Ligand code: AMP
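One chain comes next, on its own, written as structure tokens: the form predicted on its own.
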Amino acid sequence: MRILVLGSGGREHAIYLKLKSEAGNQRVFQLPGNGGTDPQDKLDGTLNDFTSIARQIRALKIDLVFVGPEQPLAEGISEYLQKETGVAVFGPDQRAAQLEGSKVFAYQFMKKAGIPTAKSIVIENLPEGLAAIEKHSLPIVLKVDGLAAGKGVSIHRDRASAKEKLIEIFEQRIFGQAGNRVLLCEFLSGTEASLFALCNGSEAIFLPVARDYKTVFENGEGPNTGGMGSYTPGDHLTPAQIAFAHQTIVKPALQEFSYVGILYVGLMVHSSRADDISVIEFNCRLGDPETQCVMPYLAGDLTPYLLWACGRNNPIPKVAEEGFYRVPVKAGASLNVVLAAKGYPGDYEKDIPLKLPQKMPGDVHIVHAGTARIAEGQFVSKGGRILNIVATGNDTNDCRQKVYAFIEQLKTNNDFSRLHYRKDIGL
């Protein structure tokens, strides 16, 4: 099996590492990859050049393509590559990808399908939004309609800051066309959980539940980021709640879109009651940074599930629960802490030198995100989220100890005054 992973972030590097470790795969390539990608596996190109990608797929005789990020999915890369190359592509088509590509589209679908979610108002312009804020109860949640790299959601506990944000969106155009429309939503309280449904167009099988940490600082403080850490298994969803989500949320999406790929359901868990959950958002791909801890927690290979989703392989190993199926997992837990550039998600420094050990301690590994390779063991930062430190262990606390002990080791050879990480992941 020859596989191409599209993307350059931590999510895609975690997928690349997982697939590369599986004995049945002859070669795994990554385009464009990052500093952690083996140079012999790294392909040149950009994710918006579909023609070049198709040409390389044919030249390298690729069997399966895994599309990591949301932008090319929203632009229709899955159907383009299938048409041009006949290759199996893991990822939804353009219409289904609008569940993430447009918050308004997703809200309208949920409203039509009767899926529990926050009450929302679609805002088309600034005067309309300012008037709505005056009437809306606090706190107020604002979500820009289009893709915004995980930074398009803001929570406001006073009307003044909500109005300032709308001015930034509509007048200062901080999100560009992604901010042409805004969802003004009611605030949902509870515990967040990430549910990943692996779909083949008509059926779904669930990956482990994970928990991620969105705010840049401890205790839920500071602006939202793309995610500062994660762990699995999350204890935030009971089997009864997963069964409810399967029946009430995932099945309607399968029926509406013949969905192929990962349907990520961001949930707010209000209580332990099976039906007391609400959808915060849909994503059309695996989560980042949840993927980094989910991959090493899987008990077997990932490749058979990808082929199953693409209609190329059946049956697959699965564990029957009451009302749904899940992928087999290992005993214990997995945890991921993100090392970011200081200042992220705002302005941050790039080209920070990084020196990484060539020999890793047991049960700990590094997943690269915003990095570039300079030499063996030497890298520089190229993004806001730079590295993911991932550990497996007996339980979440065991993983925490391993990750934070390794970070302390990194401090001996790296300038951590230029880096930032949360110290409460897993607590």
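Note that the rigid core is defined as the largest set of C-alphas that superpose within 1.5 Å between two forms. Everything numeric here is computed off the predicted structure, so don't read it as measured data. Counting begins at 1, following the sequence as shown.
Below: the form predicted together with ligand AMP, not depicted.
Peer 1: Check for me: heavy atom within 4.5 Å of ligand AMP in the predicted bound form, for each of 143, 153 and 268, yes or no.
Peer 2: Yes, the whole trio is in contact, each within 4.5 Å by some heavy atom.
Peer 1: Could you confirm whether residue 192 comes within 4.5 Å of ligand AMP in the predicted bound form, counting heavy atoms only?
Peer 2: It does: once ligand AMP is placed as it appears in the predicted bound form, residue 192 has a heavy atom within 4.5 Å of it.
Peer 1: Spell out, yes or no, whether the shortest heavy atom distance between residue 185 and ligand AMP in the predicted bound form is within 4.5 Å.
Peer 2: Because a heavy atom of residue 185 falls inside 4.5 Å of ligand AMP in the predicted bound form, the answer is yes.
Peer 1: For residue 118, is any heavy atom within 4.5 Å of ligand AMP in the predicted bound form, or not?
Peer 2: Residue 118: contacts ligand AMP in the predicted bound form.
Peer 1: Taking any heavy atom pair closer than or equal to 4.5 Å as contact, tell me whether residue 181 reaches ligand AMP in the predicted bound form.
Peer 2: Flag for residue 181 set to no.
Peer 1: Going by heavy atoms within 4.5 Å, which of 86 to 94, 108 to 116, 276 to 284, 167 to 175 lines up against ligand AMP in the predicted bound form?
Peer 2: Contact criterion met by 276 to 284 only.
Peer 1: Of the options 246, 214, 236, 318, which one has a non-hydrogen atom that comes within 4.5 Å of ligand AMP in the predicted bound form?
Peer 2: The option sitting close enough to the partner is 214.
Peer 1: Output the sequence-ordered list of residues from 92 to 111 with at least one heavy atom within 4.5 Å of ligand AMP in the predicted bound form.
Peer 2: Read in sequence order, the lone residue that approaches ligand AMP (within 4.5 Å, in the predicted bound form) is 103.
Peer 1: Using a superposition on the rigid core, decide whether the Cα position of residue 300 changes by 2 angstroms or more between this form and the one not shown.
Peer 2: The answer is no, as the C-alpha of residue 300 shifts between this form and the one not shown by less than 2 Å after core alignment.
Peer 1: Indicate whether residue 236 shows a C-alpha shift of 2 Å or more between this form and the one not shown, with the rigid core used for the fit.
Peer 2: No, the C-alpha moves less than 2 Å.
Peer 1: With both forms fit on the core, is the shift of the CA atom of residue 310 between this form and the one not shown 2 Å or larger?
Peer 2: No, its C-alpha moves less than 2 Å.
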